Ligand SMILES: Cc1cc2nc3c(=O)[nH]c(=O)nc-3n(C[C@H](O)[C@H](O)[C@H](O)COP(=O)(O)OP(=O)(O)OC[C@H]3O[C@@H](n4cnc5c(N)ncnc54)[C@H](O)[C@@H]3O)c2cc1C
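There is one chain below, alone, in structure tokens, taken in the form predicted alone.
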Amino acid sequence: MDFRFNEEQEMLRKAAREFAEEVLAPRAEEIEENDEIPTEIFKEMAERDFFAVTVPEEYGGLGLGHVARMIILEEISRVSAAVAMMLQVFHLGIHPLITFGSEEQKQKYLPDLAAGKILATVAITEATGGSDPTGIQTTARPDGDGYILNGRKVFITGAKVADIAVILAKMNDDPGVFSAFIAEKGMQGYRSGRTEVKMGLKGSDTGDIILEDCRIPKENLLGNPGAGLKISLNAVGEVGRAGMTGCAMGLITACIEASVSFAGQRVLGGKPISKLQGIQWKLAEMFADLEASRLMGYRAAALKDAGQPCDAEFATSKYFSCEAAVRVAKLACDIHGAYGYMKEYPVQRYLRDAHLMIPSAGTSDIMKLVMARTVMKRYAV
């Protein structure tokens, strides 16, 4: 079993790291302070084909798959988890079109999505909760040659900036049936609502999408009628959770790098604190969490690229890596002592950013349910 990146993947990793260090690093604090990602950063990511990584070549993409996607997200999150979060959700919005879109829908949307000319998101979560998508209240009513949608989606990453959103709605004529629709900014009755003010991941746009008698043409029904839950769960389970794993790995790496640097420079008792066993053990725990996260995350992504079942593997990697990100960020703050609480050092930002990774794309409790179902089935005697 070869755990090394191939030549193309290694080139992509270097390109992503160069972008992160040369473009993002000088802007990271500005993004944090202004709570907004400058739009030119999206343009620069588009120029480097970061939006195109999973889009098939026949639609203007790179067709490099999900291991390549995770490489990009890990490198970007190492410098800015907020930018990585936005990128991973743009990928999430593209995935249902790749997997379930008609040929006409793919031709219409994928080339512009791959080029970064338009941005996409997925809108499932509502105020009634996100862990149970069958509890949503957004409705779709057949009307002539299309559908009328009404509802409000909350905690949607990219709510303000996304040009299209894949919307999950229950059908008025059969409220036990759910369908997915491609809604476009500018459609009658579609608008963004409030923007959330978050503790962390500053700059990552999170807010409401409001549908008020929003008219969706029939050609914007995604997949078959009634396939909405399948489409949504596939996107979140195999792309959203993979993306959060990549973001968590990058943040863990940033915590380790910051801690090693600080411990090497901070002198107590005449020697750097990196010489203290207590500090070294903290670094060892952080390293173990990073290596385990990478092994689980890249294995799950490789299964996805090979067309193998990977739902439980992504649930496992998402659960472990996001919980690990919080543990590691806390250890990084501990290593920094009182400085870990000061905005002069980035580890306090890492801790705040890490906390939002746990509920995103499914809480840790939901990941445990997915894992438990697999355990009971796979190991039944």
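Sequential numbering from 1, following the sequence displayed. The shown structure was predicted, so the numbers you read here are calculated from the model rather than taken from an experiment.
One more form of this protein exists, namely the form predicted in complex with the ligand; it is left out here, but the text below deals with it.
Remark: Ser131 counts among the residues lining the ligand in the predicted complex, judged by a heavy atom distance of 4.5 Å or less. Residue contact check for Ile366: one or more of its heavy atoms lie within 4.5 Å of the ligand in the predicted complex. In the predicted complex, the ligand lies within 4.5 Å of some heavy atom of Thr125.
When contacts are judged by a 4.5 Å heavy atom cut-off, Phe155 counts as touching the ligand in the predicted complex. Exactly one listed residue, out of Ala140, Ile76, Cys255, Met85, brings a non-hydrogen atom to within 4.5 Å of the ligand in the predicted complex: Met85. This chain is drawn without the ligand; in the predicted complex, the residue among Ser179, Ser259, Thr206, Asn220 with a heavy atom within 4.5 Å of it is Thr206. Contact annotation: the ligand lies within 4.5 Å of heavy atoms from the stretch 85 to 93 in the predicted complex, the single such stretch among 85 to 93, 210 to 218, 298 to 306, 171 to 179. Contact here is defined as any heavy atom lying within 4.5 Å of the ligand in the predicted complex, and by that definition each of Thr121, Lys198 and Leu356 is a contact residue.
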